[in-house]
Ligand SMILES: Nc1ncnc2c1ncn2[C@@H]1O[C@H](COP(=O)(O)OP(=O)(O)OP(=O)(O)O)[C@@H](O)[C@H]1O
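Coming up is one lone chain in structure tokens, specifically the form predicted alone.
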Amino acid sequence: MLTVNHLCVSYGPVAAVKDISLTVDQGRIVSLIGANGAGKSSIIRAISRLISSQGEILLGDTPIQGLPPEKLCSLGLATVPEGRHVFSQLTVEENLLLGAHASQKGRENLSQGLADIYTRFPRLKERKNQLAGTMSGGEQQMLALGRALISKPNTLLLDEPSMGLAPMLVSELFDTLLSLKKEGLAILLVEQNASKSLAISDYVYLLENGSCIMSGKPQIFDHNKAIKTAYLGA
């Protein structure tokens, strides 16, 4: 379970995230939607401890806001960053091994972890000896997700995972997220495809200029024509 209380992020004099609080329970998908610059990615980066922030961030009952980012995998938090950031000069399997070694659970269950990832993503098994940088964008996204999952997280952060993917691959990605939800993961999703996000989410926060202007179950957006027009193109 992920809990964020009164999170604030500033870049110099600019306040990018203003007093955001949210909760992601196990077996739930929570989405952050909003225009570019709304503060969505800053929230992910703050939770991942890649940028400084104020407020409280808890994994279960453990405060993590003072921890370095490399400690978070061992506490059950994994991130799939925007832009994938695979290690392009390493093979697919070497990328996965690095993900596994980021946590004790991953190290202890290395063989089974690889088998699980290859079962979930058969294409990665086919290309396990291929350099990650030579793969397509969709394959690299699979690898980035597999690298996160092999650490055996209970909480998963995803920042714009469908960016640049073909429609068929986007559908496959969201099917995978639904299966992970059924397996009990807590998932915080930042996604440019708001309609797809709403379709799989249990709860949604709508951000504008760093503030939450609306939150609730996805169905609340069906009754607000102005919001649908502005953010969903409906």
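The shown structure was predicted, so the numbers you read here are calculated from the model rather than taken from an experiment. Note that residue numbering begins at 1 and tracks the sequence as displayed.
Keep in mind that the form predicted together with this ligand is missing from the display, and what follows is about it.
> Can all three of Tyr11, Ala38 and Ser41 be found with a heavy atom no more than 4.5 Å from this ligand in the model of the complex?
Every residue of the spot touches this ligand in the model of the complex.
> Answer for Ala16 alone: is it within 4.5 Å of this ligand in the model of the complex, judged on heavy atom distances?
Heavy-atom contact with this ligand at 4.5 Å: present for Ala16.
> Is there any non-hydrogen atom of Gln26 lying within 4.5 Å of this ligand in the model of the complex?
Although this ligand is absent here, Gln26 would stay clear of it in the model of the complex, with no heavy atoms inside 4.5 Å.
> Although this ligand is absent from this view, report whether Glu94 comes within 4.5 Å of it in the model of the complex, heavy atoms only.
So Glu94 does not count as contacting this ligand.
> Classify Glu82 as contacting or not contacting this ligand in the model of the complex by the rule of any non-hydrogen atom within 4.5 angstroms, answering yes or no.
Close contact exists here: in the model of the complex, Glu82 approaches this ligand to within 4.5 Å, heavy atoms only.
> With the partner removed from view, which of 195-203, 30-38, 174-182, 52-60 is the stretch that lies within 4.5 Å of this ligand in the model of the complex, judged by heavy atom distances?
Result of the contact check: 30-38.
> May I ask you to list the residues of 135-169 that have any heavy atom within 4.5 angstroms of this ligand in the model of the complex, in sequence order?
Just Glu160.
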